[in-house]
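What follows is a single chain, given as structure tokens, in the form predicted alone.
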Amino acid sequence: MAFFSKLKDRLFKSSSKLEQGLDAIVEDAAEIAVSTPEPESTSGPVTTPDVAAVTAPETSSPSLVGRLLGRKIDEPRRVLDDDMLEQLEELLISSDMGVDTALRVTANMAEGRFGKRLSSSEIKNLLAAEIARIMENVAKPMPIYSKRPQVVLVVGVNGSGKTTTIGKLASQFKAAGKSVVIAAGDTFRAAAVEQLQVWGDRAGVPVLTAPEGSDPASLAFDALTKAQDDGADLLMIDTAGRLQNRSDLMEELAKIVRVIRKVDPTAPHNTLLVLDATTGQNALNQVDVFQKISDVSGLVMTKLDGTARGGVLVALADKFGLPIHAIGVGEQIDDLAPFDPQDFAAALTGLDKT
């Protein structure tokens, strides 16, 4: 519950965008309906619009279902029609949910409800339920195997939060009683190595490094050998993330895999792709590229607190179906937590968790 509160607070940019947009879709239409006068009649007095007909529910007393849903009698309502669906689609697309996912979500929301009058709170609940439904099958923790050491290869573009994610995961695994070794395989960035060393010192986890510009595959080989000798449970290998020349990156990752398989033919056991939520739709392109370069087994999404378009995570789940292991909403160790689809859907749409 504590992480949900943090998630909701820090997803404010995304949830505020969706919440305000959904409110506007309903309320603006209601205001137009109220302010539009009736046509003048040639055979009788001029009549004024019935405001109650615009703002009140279909019946004078709410149904049992309405009361259970917390339906408010005075909430503005709008008929779910083609125009409203188009506005919903545009709002979801602007939240980086993607065209295909937005169309699928709104179509499912409209099923059995087309032509009915809905309030913004009812639409938010429908949207949250649909988002959670899409993401239920991908919400999976990173699997832990009996194989020791379990080799976790971590990939992602520079700046995605990859190095910080490795440090947080290593610290969390250590706190859970696992022995961990980190290999600072991004040997081209001194800052990445230094950052991992800080996390390693903080968590009491050894960080193996090599001189700047060294062969990452050689470091990975030495790290796996040490992890075996030490009886470690987990070896986490950082990698470079330069996409400017994909062929070089592909060969570098392929070489790391070839070399560590000389020590353990089953390695790596997990390949985690770390994505930066602030990159929006570009995150989909990164998944596409890294799936071709490496055998991605799961995703971690960082920096959800820094974007107004958190809907990209829904698009990723809908398009690729890869397991989402964890999400991050800050720099502290407890700002990275297992992905919960209901919590995420509620926070994204601005709902309170019940």
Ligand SMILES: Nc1nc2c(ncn2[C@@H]2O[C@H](COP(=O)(O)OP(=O)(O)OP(=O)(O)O)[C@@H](O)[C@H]2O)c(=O)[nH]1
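Just count from 1 along the sequence shown to find any residue number. Because the structure is predicted, anything quoted here is derived from the model rather than measured.
Keep in mind that the form predicted in complex with the ligand is missing from the display, and what follows is about it.
Interface residue among L219, L253, A192, I123 relative to the ligand in the predicted bound form, by the heavy atom within 4.5 Å criterion: A192. Among residues of the shown chain, S160 is one whose heavy atoms approach the ligand to within 4.5 Å in the predicted bound form.
The closest non-hydrogen atom of V314 lies beyond 4.5 Å of the ligand in the predicted bound form. When contacts are judged by a 4.5 Å heavy atom cut-off, K303 counts as touching the ligand in the predicted bound form. Not displayed here, the ligand is approached by G328 to within 4.5 Å at the level of heavy atoms in the predicted bound form. Only one segment in the set 219-227, 181-189, 128-136, 88-96 has residues whose heavy atoms sit within 4.5 Å of the ligand in the predicted bound form; it is 181-189.
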